[in-house]
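A single chain comes next, written as structure tokens; it is the form predicted alone.
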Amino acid sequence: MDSKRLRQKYLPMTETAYYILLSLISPRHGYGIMQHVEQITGKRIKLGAGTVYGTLSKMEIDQLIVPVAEEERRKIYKITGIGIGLLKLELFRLQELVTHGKQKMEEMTDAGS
């Protein structure tokens, strides 16, 4: 799939996709991803197995991730250069949202609202 189609398919990212890619900066299996996401979000997000494995399958097909090993019948995945590129685009998009939100909130505060 070309990069334009991947951007259209994955951006803006769902929280699930975002946290899976973020988790796979270090190689992990599906259950490890679920644990990592729960840990880094302070248990705000608890991903289900079906959601994780369905997303992993799509991401593997789209070459955002690749399997790097297998331990005890568990595939271990890591993010690819394509996945990192999409993750960076999403981080830029999110930063832009935060920046604009802060600016508008400051304008509202400065205007006395």
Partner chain sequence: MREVKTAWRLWWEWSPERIENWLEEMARQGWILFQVDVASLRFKFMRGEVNQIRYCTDYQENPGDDYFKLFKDDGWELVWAGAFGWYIWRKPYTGERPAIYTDKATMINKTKRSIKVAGSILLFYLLLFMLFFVLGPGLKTIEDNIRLTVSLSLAIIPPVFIFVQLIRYNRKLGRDRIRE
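Since this is a predicted model, take the numbers as computed values, not measurements. Residue numbers count along the first chain shown, from 1.
The discussion below concerns the form predicted in complex with the partner chain, not included here.
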For this session: Could you work out which of Ile40, Ile84, Val68, Ala49 is the residue within 4.5 angstroms of the partner chain in the predicted complex, going by heavy atoms?
Result: Ala49
Problem set entry | Contact label in the predicted complex: Lys75 to the partner chain, heavy atom within 4.5 Å | yes
Exercise. Would Lys58 show up as a contact with the partner chain in the predicted complex if we use heavy atoms at 4.5 Å?
Worked result: yes
Exercise. Is Met34 one of the residues lying within 4.5 Å of the partner chain in the predicted complex, judged by heavy atom distances?
Worked result: yes
Exercise. Does the partner chain come within 4.5 Å of any heavy atom of Pro27 in the predicted complex?
Worked result: no
For this session: Go through 81-104 residue by residue and record those having a heavy atom within 4.5 Å of the partner chain in the predicted complex; state none if no residue qualifies.
Result: none
